[in-house]
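Shown here is one chain on its own, the form predicted on its own, set out as structure tokens.
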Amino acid sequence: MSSRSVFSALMGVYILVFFAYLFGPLVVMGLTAFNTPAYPQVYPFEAFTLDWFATLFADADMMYGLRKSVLIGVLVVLVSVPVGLAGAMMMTQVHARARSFYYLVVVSPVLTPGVIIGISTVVFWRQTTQMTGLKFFYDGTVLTVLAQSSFISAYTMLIFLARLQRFDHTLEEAALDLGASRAQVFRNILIPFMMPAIGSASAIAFLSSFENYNTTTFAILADKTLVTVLAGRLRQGTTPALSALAVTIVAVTVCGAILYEYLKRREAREADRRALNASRAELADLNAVAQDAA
């Protein structure tokens, strides 16, 4: 037995253990969601059932928390994506000597524990409400959106910075020289170029908000989201209905990823087709010119 064969065998065992560790809980969770016992059980598999999904969707607290999590996630996207884009654009405009300090300031929320962000948000807006009488901000949903956006905006900014590094600023200069305003340059040149990053940042912001617990559990006050409801249920003991919820979330995520990949490949095929048609048209024009010259 050679060293190469031993290395290949060890690598195969490592890959097997890695994927078993990664996907094993998902397989167990999926089996318990379709098994009949009231306690999550994989073996013996008594009978196939969909009752736990019906139990899940009939759970008023769970459905309320799900709707609240989706609402907060959408609001966080609407706040964090524009803020992250503005922060990334500001990064490209500040002086080179101040850029490191600016980067440290805007990225610092990512390094701050979520518990600190949640508590500080509640304390700050409670004091602001007492001084100004603006009770709108001292609401569980509003506080959660503000608290989550404070660090999720930094995530989106990093995505936009990576995209802006490939932006050709001579396009802006050419548009300004031709008489376009700053608003027109932003709307017609920069935004179309940033659309892939905007889509990615929106997805990251929504998922980060949807699964966040540390910040949410303090900022939500007396209200509740899906993660806080799940935390309370797990203290009382798990049920197959929770496995059904996990299977549903995984299925929606996988379907979304497949749809995104399909749309991306279709756009790539359309771009290739347009490029091919343009090449054929150019070749036809060259042939016509050559025939006229002959």
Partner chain sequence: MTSAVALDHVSIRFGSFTAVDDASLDIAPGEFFSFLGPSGCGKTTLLRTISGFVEPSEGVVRIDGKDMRGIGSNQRPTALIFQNLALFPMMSVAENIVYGLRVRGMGKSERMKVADRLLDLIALPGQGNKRIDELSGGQKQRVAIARALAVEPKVLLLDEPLSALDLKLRQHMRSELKEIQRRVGITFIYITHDQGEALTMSDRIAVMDRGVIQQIGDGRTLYNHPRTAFVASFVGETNILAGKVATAEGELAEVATAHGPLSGANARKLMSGSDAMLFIRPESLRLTAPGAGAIRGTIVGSAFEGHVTHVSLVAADGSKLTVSVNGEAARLVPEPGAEVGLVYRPEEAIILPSEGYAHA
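Residue numbers count along the first chain shown, from 1. Between two forms, the rigid core is defined as the largest C-alpha subset superposing within 1.5 Å. Every value quoted in this text rests on a predicted model; they were computed, and no experiment measured them.
A second form of this protein, the form predicted together with its partner chain, is not displayed here; the remarks below concern that form.
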| property | result |
| --- | --- |
| Proximity of residue 175 to its partner chain in the model of the complex, heavy atoms at 4.5 Å | yes |
| Any non-hydrogen atom of residue 75 within 4.5 angstroms of its partner chain in the model of the complex | no |
| Heavy atom of residue 6 within 4.5 Å of its partner chain in the model of the complex | no |
| Touches its partner chain in the model of the complex: residue 179 (any heavy atom, 4.5 Å) | yes |
| Those residues of 263-289 which, in the model of the complex, come within 4.5 Å of its partner chain by heavy atom | 273, 274, 275, 277, 278, 281, 282, 285, 286, 289 |
| Rigid core superposition, residue 51 Cα moves 2 angstroms or more between this form and the one not shown | no |
| Core-superposed comparison between this form and the one not shown, residue 284 Cα displacement 2 Å or beyond | yes |
| Exceeds or equals 2 Å, Cα of residue 268 between this form and the one not shown, core fit | yes |
